[in-house]
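The chain below stands alone and is given as structure tokens, in the form predicted on its own.
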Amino acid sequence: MSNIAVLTSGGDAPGMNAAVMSVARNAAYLGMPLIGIKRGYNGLLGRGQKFEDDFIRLDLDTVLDIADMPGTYLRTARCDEFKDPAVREKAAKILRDLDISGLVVIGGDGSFQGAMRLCELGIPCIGIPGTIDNDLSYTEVTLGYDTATNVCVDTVRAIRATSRSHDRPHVVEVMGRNCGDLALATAEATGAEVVVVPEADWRIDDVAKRLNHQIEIGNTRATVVVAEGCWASMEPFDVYEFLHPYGKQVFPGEPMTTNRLASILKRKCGMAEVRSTVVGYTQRGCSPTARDSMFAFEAGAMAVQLLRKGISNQAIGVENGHTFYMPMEKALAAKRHFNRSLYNLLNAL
């Protein structure tokens, strides 16, 4: 191979920089020059005035100190234009003009879709699953998920300490998009009394009933963990009709939010206060845990070896604790298993 390239795409995830460093170290060991592509698939469109605007030559001096850095050194961005076949043709031509004969894509499902389309145009690609959501079903864990879970757990533990001090329930929202794994793991690790996820239909009255039960048995500092995508599976509830009579600033048709859920539970449960916290982007902006860093190293090494052997269109993942690879199309088609028994148990204890 002449040059290979690497990009990070979609939402940033802890461990992306560690994966880039691993790709760089393994490429250098095998004598394969490496080019970093900036801002995901946007960098492939050649919008800059000069090479350095969209690309960077990655050597060991450049990347040895980035492994522990939060975020992504190469930057990232979403690129809706890449869905256009003509745009992808342009990107493939730019890669050929740069004598790039293999590409490592670090990102989520949308990033993998882009990699598959490039493979169809003759550009060998390998995918490393970089997303905190853990929503790629073919792999046990995605890069960044372990770090994000630890951030959520630390946050909820701190919140439970102050909730205990004030005898005050708390609603905590974690990320995960349409996947409830972060919420389930956080609730399981912290002893949260209620968890709500997108995969299961739920009613506000049921959450209020559960919280009231906790209050009746003396637990006045219960925690409700909600996944950010859970509102899609909530039974319709008129926020305006319920909160407006209490003088809350809300307008007809406005959606449910974590803050509004806390306000509703306060009134349904007769508490002086129910507080809320959205953990937010702190889940993305932390240095990777040892587990994420180890996966990043193994995945980067495997990606370079696969490209060197002429193996393409593969997604790297974790199965039974070991790093493996499988065809990207098959990986994206894998059906997700929702752990309903764990979900039921967490909401029953």
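Please read all numbers here as calculations on a predicted model, not as lab measurements. In this text, residue numbers run from 1 along the sequence as written.
One more form of this protein exists, namely the form predicted in complex with a small molecule; it is left out here, but the text below deals with it.
*May I ask you to check whether D181 falls inside a 4.5 Å heavy atom distance of the small molecule in the model of the complex?*
Outside the cut-off, so no.
*Could you tell me if G176 has a non-hydrogen atom within 4.5 Å of the small molecule in the model of the complex?*
Yes, contact at 4.5 Å.
*So in the model of the complex, does any heavy atom of V172 sit within 4.5 Å of the small molecule?*
Answer no; every heavy atom of V172 is more than 4.5 Å from the small molecule in the model of the complex.
_Would you classify A187 as touching the small molecule in the model of the complex, given a 4.5 Å non-hydrogen atom cut-off?_
Looking in the model of the complex, residue contacts with the small molecule do not include A187, since no heavy atom lies within 4.5 Å.
*asked:* For the interface check, one of 280-288, 24-32, 39-47, 304-312 should have non-hydrogen atoms within 4.5 Å of the small molecule in the model of the complex; which one?
replied: Within 4.5 Å of the partner lies stretch 280-288.
_Listed residue that, although the small molecule is not shown, lies within 4.5 Å of it in the model of the complex (heavy atoms), from K90, R117, R267, R78_ = Of the candidates K90, R117, R267, R78, R78 is the one lying within 4.5 Å of the small molecule in the model of the complex.
*So which of C152, I132, V105, V225 gets a non-hydrogen atom within 4.5 Å of the small molecule in the model of the complex?*
Checking each option against the small molecule in the model of the complex, the one that comes within 4.5 Å is I132.
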